[in-house]
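Only one chain is included here, represented as structure tokens and corresponding to the form predicted on its own.
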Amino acid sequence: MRVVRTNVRSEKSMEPGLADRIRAAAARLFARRGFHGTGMRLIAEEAGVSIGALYHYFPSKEEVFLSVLRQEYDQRLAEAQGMWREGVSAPEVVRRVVELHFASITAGHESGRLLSQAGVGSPLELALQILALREEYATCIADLLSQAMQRREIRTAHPLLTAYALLGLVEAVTARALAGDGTADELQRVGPAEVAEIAWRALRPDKEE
């Protein structure tokens, strides 16, 4: 199965764990200060690396931001792929994947929160790169859905369209659940179960009532 590309050029020569440290530091800063309020020097200081080393591995702030998003997408895809490979039932896979999306927007999961808000207020060029990254992610999800359709575990439909519909549903609800008001609190509480139920109703085989 294809996975969302990671920045191999930047990471293959890094000391173990350095890329993750930089991404974690950048995610905290982007979540607190926004894209425009975060600079490369701040990221270097937060990660505990020199500004020269940061630029050596990541040529721009945009590259760091995209690397954070790529890692989050890769982790979610790996979880979904692993569940299918282990023979987890289709409705259970849907439930767990939805729960993972909601868990990623809680405090301490800055990269997941960024994923739910990615592209909002971003420069045009970065926004286009984020859209391209989402296209890769949706295509990978469509591949998984296509395999499940062939095994007749879910209803037959257009895989890519279905992938976008499901992602749109989950991302819209999780983005609203980040607002920090009473409605957001309610969505975080009931969202995982309710969204999983809605998603499964759309995916379940025609023979299943």
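Numbers follow the displayed sequence, beginning with 1. Heads up, when I say rigid core I mean the largest set of C-alphas that superpose within 1.5 Å between the two forms. Just so it is clear, the model here is predicted, and its values are computed rather than measured.
Keep in mind the form predicted together with the DNA is missing from the figure; the text below concerns it.
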{"query": "Contact assignment for the DNA in the predicted bound form, among 50, 183, 156, 147, heavy atom within 4.5 Å", "finding": "50"}
{"query": "The DNA in the predicted bound form: contacting segment from 139-147, 159-167, 60-68, 172-180, heavy atom within 4.5 Å", "finding": "60-68"}
{"query": "Exercise: residue 56 in contact with the DNA in the predicted bound form, heavy atom 4.5 Å", "finding": "yes"}
{"query": "Residue contact check: residue 41 to the DNA in the predicted bound form, 4.5 Å heavy atom", "finding": "yes"}
{"query": "Contact label in the predicted bound form: residue 187 to the DNA, heavy atom within 4.5 Å", "finding": "no"}
{"query": "Any non-hydrogen atom of residue 24 within 4.5 angstroms of the DNA in the predicted bound form", "finding": "no"}
{"query": "Did residue 51 shift 2 Å or more between this form and the one not shown, C-alpha, core superposed", "finding": "yes"}
{"query": "Threshold 2 Å Cα movement between this form and the one not shown for residue 195, core superposed", "finding": "no"}
